[in-house]
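Read the single chain below, which is given as structure tokens and is the form predicted on its own.
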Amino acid sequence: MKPTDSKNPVISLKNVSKTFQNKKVIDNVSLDIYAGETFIIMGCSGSGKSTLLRVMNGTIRPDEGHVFIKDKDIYHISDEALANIKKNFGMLFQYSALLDSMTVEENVALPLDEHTKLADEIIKIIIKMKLSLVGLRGYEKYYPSQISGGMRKRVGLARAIALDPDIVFYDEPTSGLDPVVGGVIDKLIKDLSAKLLMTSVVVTHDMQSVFGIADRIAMVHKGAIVAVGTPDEIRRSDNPYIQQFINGRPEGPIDFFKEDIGIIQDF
């Protein structure tokens, strides 16, 4: 596990809650994420993990609580100040979210065109560099429909790091991919985090990803944090929610017909 500075989290959630249509999707969550770590948020479908990610990245305003990015309370500042903070974020969406009418290089160029005044020649150089980092140099003129699902994920990743962000958020980055291609994406996440000194926040229910790339892991169930720990601590946990989830057991305390969220546990 990477060393962290417990006094200075990059992302800090304090008693955050969010309700949609009378259902509490995030329930009083407090969480710290530190610079340079790969932090995994895992949980069943519908557990609230993707909503939690969007609260962190400034997309969904919580009903209660505070979200701090480097000591800035992002929901209690001006829209302009929030927009400036979000320039330091990258985002890889579950289904890549590429624009089909644009080529690979045009998709990667989007954040550069929107947030910088760089000359076209410089942008083209940056695009080639980012595509090289994800193993796609030479695919600049291809359209998303002409490349595989795994390659589209890598294009999405190149776009996510186009502005050299401090923090990259990943929503189910290996969803829909076979185990080998998923392993390639996992390796890219880990390698790029180290090379570019980024903090990575990854939402997933893919156990290969969870234990392959995490420095620390949080498990979410029914909108609450059940546990936070290192991969070894999570594996050794006697919390029945964790053991049922990581071992894929059909029977146990996790029951979609019940609202019990279990006992909060912090390592």
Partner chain sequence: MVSRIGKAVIEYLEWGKGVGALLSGIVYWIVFGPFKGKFPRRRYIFQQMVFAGLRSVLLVFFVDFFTGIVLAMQTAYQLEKMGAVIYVASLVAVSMCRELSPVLTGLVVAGRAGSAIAAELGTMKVTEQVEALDTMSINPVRFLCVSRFLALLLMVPCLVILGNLSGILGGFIVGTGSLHINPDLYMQTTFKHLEIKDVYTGLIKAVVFGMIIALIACFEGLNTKGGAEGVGRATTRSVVISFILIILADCVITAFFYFSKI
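Residue numbers count along the first chain shown, from 1. Fair warning: this is a prediction, and the values are worked out from it, not measured in the lab.
Below, we refer to the form predicted together with the partner chain, which is not included among the displayed structures.
The partner chain contact at L133 in the predicted complex, heavy atom, 4.5 Å: Taking the distances in the predicted complex, the answer for L133 is no, it never comes within 4.5 Å of the partner chain.
Residue contact check: M102 to the partner chain in the predicted complex, 4.5 Å heavy atom: M102: yes, in contact with the partner chain in the predicted complex.
R54, heavy atom within 4.5 angstroms of the partner chain in the predicted complex: Yes, contact at 4.5 Å.
Residue contact check: D113 to the partner chain in the predicted complex, 4.5 Å heavy atom: It does: once the partner chain is placed as it appears in the predicted complex, D113 has a heavy atom within 4.5 Å of it.
Partner-proximal stretch of 70 to 78, 183 to 191, 133 to 141, 89 to 97 relative to the partner chain in the predicted complex, 4.5 angstroms, heavy atom: Result for this chain: 89 to 97.
Position in contact with the partner chain when the complex is considered in the predicted complex, options I125, A119, A83, L197, heavy atoms within 4.5 Å: The residue from I125, A119, A83, L197 that makes the contact is A83.
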